[in-house]
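You are given structure tokens for the same protein chain in two forms, set apart as structure 1 and structure 2.
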Structure 1
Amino acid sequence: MLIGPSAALADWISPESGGSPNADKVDTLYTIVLCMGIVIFVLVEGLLLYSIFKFRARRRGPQPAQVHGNTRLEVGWTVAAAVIVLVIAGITFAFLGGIKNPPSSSPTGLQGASGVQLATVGALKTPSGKALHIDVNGQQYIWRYDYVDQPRLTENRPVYAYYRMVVPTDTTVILKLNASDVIHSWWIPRLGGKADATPGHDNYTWFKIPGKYAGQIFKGQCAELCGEGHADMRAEVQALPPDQFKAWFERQRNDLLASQKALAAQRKAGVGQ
């Protein structure tokens, strides 16, 4: 079968991929199930079309044989249907690990990406325990990203960004999702499936962008109706080589610190008046 993660030709009929191994594996799994579906589709539509053309009533044609059923045949297609879904279940479980569990960051990825211990049930962990952790918070109608395991602004205030998430390539990025108002759903199609951001719950997903996509921007938008601005709740992920990421992060941190300082000064001035 001509199925590969890079089968861009078939991409109009299969999910987006090519940004992260989990998206590629979902694409492959989808394509396998689709191929099995096409076989069944051709079989059923073929039988239907054949019957429509072959068994039209003819004038003075003989009365058709009054067949009431055929136990052997019926047991046959029941078993066949059961076998097909069992096979699909088997294939799914074979693929599940690669889609669900994040791999470790590559040696070329961000160094010093820490291994913050995650206590929550359902949290994701790479085999080496190392990954870049970002908390994603959905709110009407924007996404906010907290870089929780990187140097902070203050002790309990991580560096943050809105709308565009900047990440290093070759590094496993683990997202912890929640929402502060209504339910939103995080989805960058080329980086894998969605995960709902639900108030009161933490949800997890991950991606790992290969080095060849450095500089690329992956686009997506909120996938759960969240109000009037739902269609405008867009998001971007920009992949940078680890050293450029570090530079960006420092700049972002300094900008935030500077603006904090300016704000504090302004407040003081406001109080003084």
Structure 2
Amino acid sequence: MLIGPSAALADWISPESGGSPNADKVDTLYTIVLCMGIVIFVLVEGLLLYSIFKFRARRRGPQPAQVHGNTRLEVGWTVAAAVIVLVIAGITFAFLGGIKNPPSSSPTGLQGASGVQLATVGALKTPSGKALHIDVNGQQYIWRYDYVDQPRLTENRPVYAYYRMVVPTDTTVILKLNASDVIHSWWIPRLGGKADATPGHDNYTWFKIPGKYAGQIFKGQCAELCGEGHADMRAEVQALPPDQFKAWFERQRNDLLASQKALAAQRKAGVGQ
């Protein structure tokens, strides 16, 4: 039943990737460790099967010799296991910087297209100190995205969106995550690892979608059991070229301002009545 649906397969046996450099590095690191594990598994199981066949009991055969230990062999496989652990640790640390540290936005990203000075973020910084900064807030059972770097609404409030995050391509996007109620976990598999959203604590992650994925929508799911509506707490990230992102942002800003004015008018009319 699990083999049948393609949606359940994802990337078969490795993490999903292809949407952001950090996700690609996670996938590559996983594949390297997996291949090393396969080699070790085949070697160990091969020796086990060889021993079972070679030294199996035979009718009227001689009594096999009893072996009570082999110091050289035992020291050898202990040292070999330690070396394997050190190799895996070295490879992991070699990839860790590229997974954790965000790169600068590309010249074709929002920074280059708009010439806007984008804000720096204290916890995660690009080499140029510039990135698109979005606050992500987990709520039972929906995600809210505040675009804190961009032109704001009245009363200096950021433009926001629910459920679907819209971002420009070739632009480093740094997310600051928290939650209003319980612990949630923001996860878009093709854009990197999971990041917990915890009440009273800020957590950070990042992604950068290449320009070739403009127009695509990356889908994800809250990865932390957060209540009876957990299964419905889905998320989407839509990648747009920088110019289209600016147009979307302006429409979103105007729609929010129009909604606020309409609500204020309704309240005023209600008070007058």
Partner chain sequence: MTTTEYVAERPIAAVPRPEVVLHGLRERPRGWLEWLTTTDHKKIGILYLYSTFIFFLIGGVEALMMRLQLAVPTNTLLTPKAYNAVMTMHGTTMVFLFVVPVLAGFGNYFVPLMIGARDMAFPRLNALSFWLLFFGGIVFYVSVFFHPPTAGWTMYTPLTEEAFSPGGGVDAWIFLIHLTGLSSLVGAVNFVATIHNMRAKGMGWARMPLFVWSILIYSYLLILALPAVAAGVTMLLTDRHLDTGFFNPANGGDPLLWQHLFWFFGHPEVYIMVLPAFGMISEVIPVFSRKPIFGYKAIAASTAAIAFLGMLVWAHHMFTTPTATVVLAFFMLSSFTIGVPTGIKIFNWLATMWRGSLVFKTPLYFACGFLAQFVIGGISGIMLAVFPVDWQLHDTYFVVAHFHYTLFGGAIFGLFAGLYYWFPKMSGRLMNETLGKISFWLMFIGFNTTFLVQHAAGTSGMPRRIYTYYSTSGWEGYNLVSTIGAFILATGVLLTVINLIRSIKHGQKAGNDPWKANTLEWFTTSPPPENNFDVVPRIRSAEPMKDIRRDVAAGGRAAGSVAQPVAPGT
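All residue numbers here refer to structure 1's sequence, counted from 1. What we label the rigid core is the largest C-alpha set whose atoms superpose within 1.5 Å from one form to the other. Treat the numbers as computed from the prediction; the structure is a model and nothing was measured.
S.K.: Would you check which of the pair is the form predicted together with the partner chain?
M.R.: If we ask which form is the one predicted together with the partner chain, the answer is structure 1.
S.K.: Is E74 one of the residues whose C-alpha moves 2 Å or more between structures 1 and 2 after the core fit?
M.R.: No, E74 moves less than 2 Å.
S.K.: Answer yes if the CA of K212 moves 2 Å or more between structures 1 and 2 after aligning the rigid core, and no otherwise.
M.R.: After core superposition, the displacement of the K212 C-alpha between structures 1 and 2 stays below 2 Å, so no.
S.K.: Relative to the superposed rigid core, does the CA atom of I38 travel 2 Å or more between structures 1 and 2?
M.R.: No, shifts by less than 2 Å.
S.K.: Cα shift of T154 between structures 1 and 2 after core superposition, in Å?
M.R.: Once the two forms are fitted on their core, the shift reads 2.4 Å.
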